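Presented below, as structure tokens, is a lone chain in the form predicted on its own.
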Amino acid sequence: MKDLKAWLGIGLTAAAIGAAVLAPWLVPHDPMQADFVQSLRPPGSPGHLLGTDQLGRDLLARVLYGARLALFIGVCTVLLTALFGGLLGLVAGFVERWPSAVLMRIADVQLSFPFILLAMTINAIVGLGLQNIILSLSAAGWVVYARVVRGEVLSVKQRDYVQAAAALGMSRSRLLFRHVLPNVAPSIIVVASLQFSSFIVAEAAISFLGFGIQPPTPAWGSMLSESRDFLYVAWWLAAFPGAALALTALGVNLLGDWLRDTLDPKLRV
């Protein structure tokens, strides 16, 4: 059963990445080119496998290019949060004393706010756009890495080989990056894989509410928002972007579960 879940996660994630990378070659249509003559064509129409939207734009092209945008945002946000949050967690766990206490109090305050609400609020303050939504998601998501990494560092630095290296006079920076960081890295990878889908869904939710990627740029959240007025006459406008979002999030979550089981020795049987 575990192998089935792992392969399903790998397959869905690989399909999403393949669709995003090969989008220009898979569809001949411009995802933002309107053709009012072809508006609201159902799936299976000649030249439009998934049909068209209310402006006559090819839905398959918009879904595939939406995958590009979603994965790009997910990758950039994960890298920023892992780097910033992981570094803060390393320092707080290794130094302890007042820096660790201050960081944890800040983390506690931030965790008291719902993640999507906090990201949406930050994005509304800094403004709309691709860069700003990445920054807002990163500002809302770093705390998870900081708390996890700090807890791992507090455990790792008590192990015998770390204590022995410190007793031999190894510098604190070398001790941190040579002995502590390699043992914490698996936890960072697991958190990143599990957070990736959360960032994709959060971006879609923010775009759906009008605070993220704006039309006519093809984003799954904004496509779902535009489809609300056509649910009874053009079900495919919501079905295909929603399915793409759900399957991508499912694939990444299953892949994250597999990585957790593989990298965490406590879960091995």
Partner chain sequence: MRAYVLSRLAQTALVVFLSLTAVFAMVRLSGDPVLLFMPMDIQAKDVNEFRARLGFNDPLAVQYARFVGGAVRGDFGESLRYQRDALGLVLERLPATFLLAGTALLLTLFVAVPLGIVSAVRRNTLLDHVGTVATVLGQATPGFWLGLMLIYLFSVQLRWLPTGGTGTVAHLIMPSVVLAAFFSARIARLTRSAVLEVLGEEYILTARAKGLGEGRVIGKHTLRNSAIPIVTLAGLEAGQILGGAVITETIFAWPGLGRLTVQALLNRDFPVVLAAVFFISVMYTLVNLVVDLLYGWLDPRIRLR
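Numbering follows the first chain given and starts at 1. Since this is a predicted model, take the numbers as computed values, not measurements.
Separately, the form predicted in complex with its partner chain exists; it is not shown, and the next lines address it.
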F113, S227 and D257: each with a heavy atom within 4.5 Å of its partner chain in the predicted complex? yes
Using a 4.5 Å heavy atom cut-off, which of 67-75, 121-129, 174-182, 159-167 contacts its partner chain in the predicted complex? 121-129
Distance check, L49 to its partner chain in the predicted complex, heavy atom within 4.5 Å: no
At the 4.5 Å heavy atom threshold, is P216 in contact with its partner chain in the predicted complex? no
Since only the chain is shown here, I'm wondering whether L59 would be in contact with its partner chain in the predicted complex (any heavy atom pair within 4.5 Å). no
Can A243 be called a contact residue for its partner chain in the predicted complex at 4.5 Å between heavy atoms? yes
Identify, from the list V109, A101, L87, L79, the residue with a heavy atom within 4.5 Å of its partner chain in the predicted complex. V109
Are there residues in 181-212 with a heavy atom within 4.5 Å of its partner chain in the predicted complex, and which are they, in order? V201, A204, A205, F208, L209, G210, F211
